[in-house]
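One chain comes next, on its own, written out as structure tokens in the form predicted alone.
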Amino acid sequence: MTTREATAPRGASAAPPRRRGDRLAAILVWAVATLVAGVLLWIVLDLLRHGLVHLGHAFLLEAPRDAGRAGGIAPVLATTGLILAVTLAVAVPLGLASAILLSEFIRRGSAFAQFVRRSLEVLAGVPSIVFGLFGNALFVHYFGMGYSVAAGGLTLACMVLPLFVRASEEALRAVPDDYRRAAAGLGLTRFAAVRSVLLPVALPGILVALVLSVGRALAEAAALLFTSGYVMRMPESLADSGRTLAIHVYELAMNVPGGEGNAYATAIVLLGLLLLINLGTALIGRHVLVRTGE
């Protein structure tokens, strides 16, 4: 045995392989992150390269002309906003109430709670075209709404509810039990503890659930083809038909020869809306965290 071998600390021979494993893991993580960022950057640059020349204030304020090849997207933007408003007005209260019920008022291991959670997970994986057929049968025909903004918004609400409920429930579950015990020690009722303590702490996670739900609703096309329709006129009420940004992109890219330029420009607007919603919810979450002292 050499002097170096005799004085080497026990287990030193195993350290280099561990360090090599750590370096390899770090390289893989950075490679995957770079790949994901690169794909996103490539998509954004491709959209800008093809659609930026067609984008301007007139594009946002004018009505489409020549089947969408010319003009703007003002009615499409209005329809998208109305459908999203109906979706959130229905999905957020119902979803938040369901998440609070599952996380705070029903025993976690109960058979009923497990059944509800499994049902939500199955519904979250149902293809959007199935929700479209469901909305067409229920809202368009059974309730007599016809192809309308209201029918489309209610269908999207049914579609995003499972995702919003499960994500909001997990956000509430992530709140440490010390907060619940402290609220009980102060004499707060369970409802008061949820309103004043748990919801503010869980708000960042709930906002993430909201962003995911809004993203899925904005990007949806298949379900709305069966419920809201695809006419390009300005909606005057929730009973009017109309097309959203996602449907407009699909129609111009697939069914309107020469409409690719405006399709790219519309996709840029859609991506910009998603970015603004993400930034807005992040700012709200940061403001709430500052106020609650987290």
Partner chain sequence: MSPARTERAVVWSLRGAALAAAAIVGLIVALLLVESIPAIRNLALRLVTDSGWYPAPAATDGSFRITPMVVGTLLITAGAVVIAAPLGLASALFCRFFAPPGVAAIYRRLVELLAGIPGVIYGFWGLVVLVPLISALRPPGASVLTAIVVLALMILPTVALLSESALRDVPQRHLQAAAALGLSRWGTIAGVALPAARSGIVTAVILATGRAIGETLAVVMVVGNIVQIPSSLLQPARALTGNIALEMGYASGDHRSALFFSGLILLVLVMLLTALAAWLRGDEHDHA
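These figures come from a predicted structure and were not determined experimentally. Positions refer to the first chain, counted from 1.
There is also a form predicted together with its partner chain; it is not shown, and the following applies to it.
Not one of E62, A85 and L210 comes within 4.5 Å of its partner chain in the model of the complex, counting any heavy atom. Although the partner is absent here, A253 lies within 4.5 Å of its partner chain in the model of the complex, judged by heavy atoms. In the model of the complex, its partner chain stays beyond 4.5 Å of every heavy atom belonging to L48. Mapping the unseen interface onto this chain, A74 falls outside it, with no heavy atom inside 4.5 Å of its partner chain in the model of the complex.
For D240, no non-hydrogen atom is located within 4.5 Å of its partner chain in the model of the complex, even though that partner is not displayed.
Note on contacts: among A26, L52, V231, A58, the single residue with a heavy atom within 4.5 Å of its partner chain in the model of the complex is A26. Interface residues of 166-197, taken as those with a heavy atom within 4.5 Å of its partner chain in the model of the complex (partner not displayed): T189, R190, F191, in sequence order.
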